[in-house]
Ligand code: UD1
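Okay, here we've got a single chain as structure tokens, the form predicted alone, with questions on binding and movement later.
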């Protein structure tokens, strides 16, 4: 897929998803700018692109910085966020400043800078613990954490800017994204990256709750594809799409699978459930398939193999 845009900005472009997106955009001939404050992103994620990307180090709440970074861009991929559910529970005010006001300021700057479209990274967390499965975009949101409320607020702002100001926006509700470059060093990292790290070190992982909670894991390269489609499909403006794989696995089964792949026979330890965590998650991606042409190219097993190989080489 060759994009019909050239000058783009990726917020959070040194992070896990953002760096994969930046890499793909550059490979397709785009002139890419990145804004990142390196609170969770890493310069090493962009080391192989250092001569091909224009990097702005700073916070998305810095108005002067964002004015400079956005000027002249046709498109923005907004990946920067406070992504830890636990941190948002501990400090809802600070996380709201990042996730709510940061997104609002980005949209406002974009509309005054002639940007054509903004792709917003949202989250399946907005569905909460609604027992209906799979999760569909027309379900009533039931956020259970400040993080989920903040992501939902970003969606509402995005749709409002699309309808009121004519700034095209597309919101993508990511399910559980995994793949190479996901940092396992933080207790707030994705469960697959933490399990991979424990498996490589022959250590036991900690599972919060009983481990029977389920997740829909989607490979990072498929998430990048969904972003490119959301940026390119003409009539996608103002819409919300699930980005998952359409199947789920329990956390206990995930460890058993990684354990077999790695040869680590350690049994997991169990801790109390984490506040704000949901019980079950499964995406209905039929809307993205029909309207964006999105089809996941990586099975869970294939994505896990690629991810395991990357962690072995670190």
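Since the structure is predicted, the reported quantities are computational estimates derived from the model, not experimental observations. Positions refer to the first chain, counted from 1. Take the two forms, superpose them, and find the largest set of C-alpha atoms that agree within 1.5 Å; that set is the rigid core.
As for the form predicted in complex with this ligand, it is not shown, yet the points below apply to it.
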Looking at 190, 134, 237, 143, which has any heavy atom no more than 4.5 Å from this ligand in the predicted bound form? 190
Can you work out which of 31, 282, 278, 70 has a heavy atom no more than 4.5 Å from this ligand in the predicted bound form? 278
Spell out, yes or no, whether the shortest heavy atom distance between residue 219 and this ligand in the predicted bound form is within 4.5 Å. no
Contact test in the predicted bound form: residue 95 vs this ligand, heavy atoms, 4.5 Å: no
For residue 251, is any heavy atom within 4.5 Å of this ligand in the predicted bound form, or not? yes
Within 4.5 Å, heavy atoms only: does residue 241 come near this ligand in the predicted bound form? no
The chain here is shown without this ligand. Which stretch in 224-232, 107-115, 123-131, 71-79 comes within 4.5 angstroms of it in the predicted bound form, by heavy atom distance? 123-131
Within 75-101, the residues that have a heavy atom no more than 4.5 Å from this ligand in the predicted bound form: 83, 85
Core aligned, does the CA of residue 277 move at least 2 Å between this form and the one not shown? yes
Would the C-alpha of residue 268 be classed as shifted by 2 Å or more between this form and the one not shown after rigid-core alignment? yes
